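Shown below, as structure tokens, is a lone chain in the form predicted alone; questions about how it binds or moves come after it.
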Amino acid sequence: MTENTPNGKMILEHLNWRYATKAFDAGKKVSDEDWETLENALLLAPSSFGIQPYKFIVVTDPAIREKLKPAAWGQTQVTDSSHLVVFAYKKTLSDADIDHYVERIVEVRGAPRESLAEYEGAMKNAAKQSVEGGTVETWNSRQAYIALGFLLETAALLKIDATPMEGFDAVQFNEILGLEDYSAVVICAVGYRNAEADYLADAAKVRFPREELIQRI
């Protein structure tokens, strides 16, 4: 462990500090440097096969956020946070999507395309089975949630508030954002808490005891 490596105590302190912020300070913005770190955390999130069947729409335009707010039941986090991230999963997977990813592997790693034939075949077979079995949207949306977890923890380590939200109408979000091949599945408001206006700011974190949630065998 180096001097700059986060230790367990520090990580847990930051995770205990974070909570699902209800009231954001609309006048306080995340710096460009910190936001770049958060975006990189999204990019570095793992996904099944590494396919990354999602995209992240970062909404900072006040006018668009005002349009989205009624579709999120009027929740103020949508408009008052520094940034709003909409996690959208790809509605299907095709051979073309796998080809695109394989080409990216070749570009990044310099691997011969033919050396990836077996891996490519496995991915295309898995995608085909998922599409034909009607589970592709479930599969792809789960990958987006992994990226959400990366965003939440990275934000906590930076002492930036991040609130995951499922309370919104995905159909309306898709229409407002012009999503067709993708669908919104979860959103995350990112910024800084307004502790004076947030009833949860000083509330104790409620979690079940370790023995109820963790089983060792």
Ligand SMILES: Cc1cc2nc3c(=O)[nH]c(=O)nc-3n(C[C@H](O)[C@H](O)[C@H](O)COP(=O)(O)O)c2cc1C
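One rule holds for the numbers: they count along the sequence shown, beginning at 1. This structure is a prediction, so every number in the text was calculated from the model and none was measured.
The form predicted together with this ligand exists for this protein as well; it is not shown, and the discussion that follows is about that form.
Taken together, the three residues 18, 163 and 166 all come within 4.5 Å of this ligand in the predicted bound form, as judged by their closest heavy atom.
Contact with this ligand in the predicted bound form, judged as any non-hydrogen atom within 4.5 angstroms, is confined among 129-137, 110-118, 72-80, 94-102 to 72-80.
Among heavy atoms of residue 9, none comes within 4.5 Å of this ligand in the predicted bound form. At a distance threshold of 4.5 angstroms between non-hydrogen atoms, residue 22 is in contact with this ligand in the predicted bound form.
Interface residues of 130-146, taken as those with a heavy atom within 4.5 Å of this ligand in the predicted bound form (partner not displayed), are limited to 145.
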